[in-house]
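Presented as structure tokens, the chain that follows is alone, the form predicted alone.
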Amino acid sequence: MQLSPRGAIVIVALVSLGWVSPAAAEGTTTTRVKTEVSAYQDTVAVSVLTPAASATVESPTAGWNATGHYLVDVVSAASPDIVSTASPRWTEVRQAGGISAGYKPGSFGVQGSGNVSYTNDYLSLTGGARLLLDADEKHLTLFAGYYFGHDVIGRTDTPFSVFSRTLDTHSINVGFTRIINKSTLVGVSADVILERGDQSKPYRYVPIFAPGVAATIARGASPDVISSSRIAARPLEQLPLARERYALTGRILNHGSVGTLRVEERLYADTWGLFGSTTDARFYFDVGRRLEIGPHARFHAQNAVSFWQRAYSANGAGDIPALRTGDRELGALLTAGGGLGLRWQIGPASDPQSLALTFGADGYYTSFADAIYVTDRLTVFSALGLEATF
């Protein structure tokens, strides 16, 4: 397979980002194995430890690839939402894995994948495929895909046959990538996601207040204030049974003499009345022959869903609002932050990139504009990985 000069330059950029292995760029069959341990901690007492492993076999000349991955999430939480319902800190383990494979011997190809995620109270199955078509001497790639997801939502230590809800998701994705010049690649994609089912949290109780009291509940009101002010009724969260999500994403990759810049902008809207914007930027540059460093910045802003209220009101148990939520991620919020990633090639002198250590650390600040219990949150995420290419 002969690459055009423009294609060769973009491959160099992809290698520098770790999207394509160096051996793969040369057109040989390669195997890439990666292990990683990541950790998440925030100021609302949620922590997650995630060991993960993946393996990829690919042959660009023959046009095929296959990948498998597996991870375990160990989640521990004691956020104010939990404390306010007199529940102790809880810990759960989530296992997730999947496979994907693709074949693209020429201008037309297909990439398919399947994934499964399981905890004691949640099962998620997802599968689908994407079609790819090269045009304009491989300077333009068009793609279109469809994925179906089926989730079963339950309760801890309760068989799904005794209690469960289902959520079905249909995802349609279309877009293109375009080589603009010898150093610049752009991409645009659009997503339509149709959700059908009850995705309300079976553990989340929503406090209800008398009409005259609801207006006095301040942003960030403590669990003690909420407990002493609410009425006796303690209804569970209830979300709409249908949701349509829409997203438009633009990406640009520029490989210059100093380094490689990748910028992504995502605009989001859905039929629950939520609108959001996410901007993400990364810049990678070499420090010597073996070390690559890249700062990262991210900013996200959104409004609240249409049925959001800081404090829901009712005259009694028979007057509870039909739609209600205590999920602050559905309220108005701003998130800003970033961090640093690095890739240290520790392979032999003849092929330094055959073995690499990767590390990344990010910190984020989130301000919740209209939520009880929590007004803001600090989050730290870090990941340490080892990658080998054969």
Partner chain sequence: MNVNRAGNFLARTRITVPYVVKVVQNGKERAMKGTLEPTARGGDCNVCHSTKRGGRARKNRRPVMIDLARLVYVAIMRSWLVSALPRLAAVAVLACVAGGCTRVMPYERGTLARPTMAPGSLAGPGEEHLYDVHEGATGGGTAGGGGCGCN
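All of these numbers come straight from a predicted model, not from anything done at the bench. Residue numbers count along the first chain shown, from 1.
The discussion below concerns the form predicted in complex with the partner chain, not included here.
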Residue (of 155, 230, 139, 201) lying close to the partner chain in the model of the complex, criterion heavy atoms within 4.5 Å: 139
Selected contact from 159, 212, 106, 288, since only one has a non-hydrogen atom within 4.5 angstroms of the partner chain in the model of the complex: 106
Partner contact for residue 40 in the model of the complex: the partner chain, 4.5 angstroms, heavy atom: yes
The partner chain contact at residue 184 in the model of the complex, heavy atom, 4.5 Å: yes
Residue contact check: residue 143 to the partner chain in the model of the complex, 4.5 Å heavy atom: yes
4.5 Å heavy atom contact, residue 205 and the partner chain in the model of the complex: no
Option from 309-317, 288-296, 233-241, 213-221 whose residues, in the model of the complex, bring a heavy atom within 4.5 Å of the partner chain: 288-296
Partner contacts for 318-349, taking the partner chain in the model of the complex and a 4.5 Å heavy atom cut-off: 329, 333
